[in-house]
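Next up: a single chain in structure tokens, the form predicted alone.
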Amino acid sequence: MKPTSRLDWVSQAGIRVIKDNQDVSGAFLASPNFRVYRYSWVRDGSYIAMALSQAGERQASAAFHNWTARAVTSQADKITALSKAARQGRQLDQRLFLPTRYLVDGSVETGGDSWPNTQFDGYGTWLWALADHLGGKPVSQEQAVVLAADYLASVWQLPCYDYWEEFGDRQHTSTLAAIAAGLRAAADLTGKPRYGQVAQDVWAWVLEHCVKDGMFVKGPQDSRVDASLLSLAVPLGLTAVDDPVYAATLARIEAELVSPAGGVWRYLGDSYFGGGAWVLLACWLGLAQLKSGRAAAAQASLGWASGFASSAGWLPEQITDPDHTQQPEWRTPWAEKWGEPANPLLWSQAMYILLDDRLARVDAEDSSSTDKSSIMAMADPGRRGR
């Protein structure tokens, strides 16, 4: 039996939603009923697969990793040409950059609802998630791992779009962190230390250029804080939650990006659907709170998210009523352009599962510790009543 009984009803429903929207290819639709999200994002899918692995749905997780490996190897010629140009110091042809999202059959989107499609973070996140899924077991997707790592090693110094498909003329701290974590994972998966060396170079660059006033910032050209910076410690583990720079960043996220009505904004100034409070970011914050020893705060973050689950357990992308938005006047223009915000969003379901599962494990460990203490007390009558 898969170990999902410890999860609450929203997580149980989330697992069903995710599996119902996994294509036979292994790809996950980002959202089944939001027209412009009917693609499979490498980053979203990596977090979704991570949640499935943690919840015991390893076959579905493996199917996604195999799908991503096929999508990467199908573009081997492009990656090889790009890597060669990088080694020779030639200007890189952006037409060789890999997309951040694919059609579920693994082909590249052309035309239609096209919008910015060049992000590097997804491939780094995928390498990290694959290594986490395998847990030290031999990798069967080594060709794809090498290709993805070569690609990241070639492009990491270049600007690209951030997690949110914005600011394509800049570098981004969260993107660079995903690249560093992915290259570290690639070094472990392949036994090729050169990837680990590039990972060190990337992280050193981040520490030199992406820290301001003792805190990580959105990027070297943007001193705002971005909620995606939570990833640096959780789950990527590039820094500890009690590292002074990360701790200060977490405190700033909680001070500036937690909506007065609850939930977490992406960054100050966001106008997408009014700049609402994102469910997945509330859960992500909860993971960081839990990692830093604040289980009650983490439980509150989970509780806020669960309050927006539909009767079917669907979780939306963001909450866009006036109480939760930064710029409510922008909600209608986006809705007129694309329709109502995505609901369900599979990435939201995944982050909820991750937080719910980890809270349940902490509760189980606490109960186990209590039981052990009681047994010890019963075994030592001299300790009773103290």
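One rule holds for the numbers: they count along the sequence shown, beginning at 1. Nothing here was measured: the structure is a model prediction, and the numbers come from that model.
The same protein has a further form, the form predicted in complex with a small molecule, not shown here; the description that follows concerns it.
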query: Heavy atom contact within 4.5 Å of the small molecule in the predicted complex, the stretch among 257-265, 146-154, 218-226, 270-278; finding: 270-278
query: Single option in 51, 319, 30, 359 placed near the small molecule in the predicted complex, where near means a heavy atom within 4.5 Å; finding: 30
query: Proximity to the small molecule in the predicted complex, single hit among 304, 163, 246, 203 (heavy atom within 4.5 Å); finding: 163
query: Output flag, 37, 41 and 44 jointly within 4.5 Å of the small molecule in the predicted complex, heavy atom basis; finding: yes
query: 4.5 Å heavy atom contact, residue 347 to the small molecule in the predicted complex; finding: yes
